[in-house]
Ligand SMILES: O=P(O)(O)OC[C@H]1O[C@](O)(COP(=O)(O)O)[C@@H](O)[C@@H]1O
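Have a look below at one chain only, the form predicted on its own, in structure tokens format.
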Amino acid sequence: MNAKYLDLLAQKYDCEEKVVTEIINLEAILNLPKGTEHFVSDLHGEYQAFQHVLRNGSGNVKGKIEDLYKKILTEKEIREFATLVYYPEEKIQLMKNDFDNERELHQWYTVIIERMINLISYASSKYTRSKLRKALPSQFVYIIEELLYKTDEYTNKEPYYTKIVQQIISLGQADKLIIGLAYTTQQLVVDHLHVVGDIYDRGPEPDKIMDTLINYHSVDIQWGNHDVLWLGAFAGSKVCLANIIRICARYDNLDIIEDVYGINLRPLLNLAEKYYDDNPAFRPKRHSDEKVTEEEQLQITKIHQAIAMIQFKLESPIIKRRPDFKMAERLLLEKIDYEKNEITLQGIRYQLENSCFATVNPEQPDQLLEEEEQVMDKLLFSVQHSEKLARHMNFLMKKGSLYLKYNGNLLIHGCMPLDEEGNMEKMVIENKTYAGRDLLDTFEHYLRYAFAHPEETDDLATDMVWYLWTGEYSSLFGKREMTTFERYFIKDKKTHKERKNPYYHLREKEEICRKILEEFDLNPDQGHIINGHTPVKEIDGENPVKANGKMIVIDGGFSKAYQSTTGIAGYTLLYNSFGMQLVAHKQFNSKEDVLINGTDVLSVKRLVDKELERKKVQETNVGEEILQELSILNSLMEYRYVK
């Protein structure tokens, strides 16, 4: 190993004892049980439901409580204690209202603090003291450690421990301590969070999800097609930007653009007011719990039309300058007979309905009006100068990837593009052919380049980000075409159908999943593919566990828009040292319902895979990193201290 590097390392480990201590520590950590991984996907802005699943660890918190107290507490008491751990601030306030006097409240504090300490002790049993200390509320570390590690077999210190708790209560610190212990418990029951794509679009609060993830203790993200759309807009793609505004208009979420991220939509509204009227195909989807005035609905409808037409115009130049994308059939504006209001698709003529082509020049249908160009320039400037959006997109880029190999499993939001025979689809990009893992690595290279060079807006990298949203061989889209235009303007629903990549029926076969795992250098006997993107229709009997357990699909409908077709409100996956469990969730009504009634959203836990032997840290990605550190430290020992 490089002598200069070892000399630098020796400044940190400046004596033999420090090196030896670290080697002993790391070797011991390798033999601890692996931490619990928590997998979620397709959150689509549903912050409240996501928050609840995060706080209860997909049932992990309640499971720990039941392990400790099922023979001691009633079911109601267990529910109340679990709710306290999920929402400590609110639950404490509710409990305070139930007590008639201070003495009863203090007795409750004493009992709850003891239960919390026991729960922390149990939840942290597979972690080092150092790791636990980092998770504890900093202002109470000394006090909590005294209570956690108390030994009083000779009863010498019983008054000491009692006094600690009494003083916490009498000094008015009980609420803060209990709240801190609750959040520590939430952190301990989940060691690492995987978000398998699609944080953005459809739901109302993706920004709050991003803020939560930024402050989460350990997380990675596999980008979804909607996430890439937002990254593309920030990277300078006007067509991606048009798409995110159109989707926000469609789902009545324009306040995300304007109020949350501070992007001024007034120029777009002025354009829309000038050229567009009411149009039933473009009215926003209503939120059941929100009221929109007729005037507001009309404004959104007009904006929706204006940005949709800009989007269709912006797509055409990309398709023309990128023949490798093979999307010429999507030059739809050129296939319209504007006098007859008809379009010809694959030799069939269709009458257009709800058309809104006031800004289209039939001679040059993809030509933007000068006003449209000015609007898009202003919107892009606002997007790229939004401090909050910059913070969120930079985090999404830092923690994200198209796929992830983690602890022997392959995490990928969408698909591995396949042909009907199960072979990896090939795509030619600049005279070079890519397929399989190489194709996904190439997509990610272009995405990262586009993000790093926002000043380049018509280059291949920026165009490729849009292709990831809508292209046939995109691992995120996974369909032959995106029929947005047809859904707006053609009544015949046969034209709305989006043909899925063969991956989506071939993934039912174990041999196909094993082949994909081998493509990523993963052990097909032990590994799994974990997918999101396509909602599992459990209501129709679809099984999220496929290919003899090799494929696990965890998009079960976090998005309220899909819950009527899935029959549930999302899947999550837990993977601890004993194996994997899939958790199905009922619809989340409200935090208030949980606080008052103790209701939870878990339904059924299914065992997906059970480890023959309990998996240890040394068999994980973290273990690989530790082994590398040990190799370096042993080299340092030989270089500096072994004579």
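Heads up: residue numbers just count along the shown sequence, starting at 1. Predicted, not measured: the structure shown is a model, and the values here were computed from it.
If you look for the form predicted together with this ligand, you will not find it shown, but the lines that follow are about it.
Shown without its partner, this chain lists Leu254, Ile168, Met327, Met482 as candidates; in the predicted bound form, only Met482 has a non-hydrogen atom within 4.5 angstroms of this ligand. The contact with this ligand in the predicted bound form, taken as any heavy atom within 4.5 Å, belongs to Arg487 out of Arg283, His217, Lys378, Arg487. In the predicted bound form, this ligand sits within 4.5 Å of a heavy atom belonging to Asn225. Although the partner is absent here, His44 sits close enough that one of its heavy atoms falls within 4.5 Å of this ligand in the predicted bound form. Although the partner is absent here, Glu498 lies within 4.5 Å of this ligand in the predicted bound form, judged by heavy atoms. For the chain shown alone, Phe477 is a contact residue for this ligand in the predicted bound form, at least one non-hydrogen atom being within 4.5 angstroms. Just one listed stretch, out of 388 to 396, 194 to 202, 355 to 363, 133 to 141, contacts this ligand in the predicted bound form at the 4.5 Å heavy atom level, and that stretch is 194 to 202.
Using a 4.5 Å cut-off on any heavy atom, the one residue of 520 to 537 that reaches this ligand in the predicted bound form is His533.
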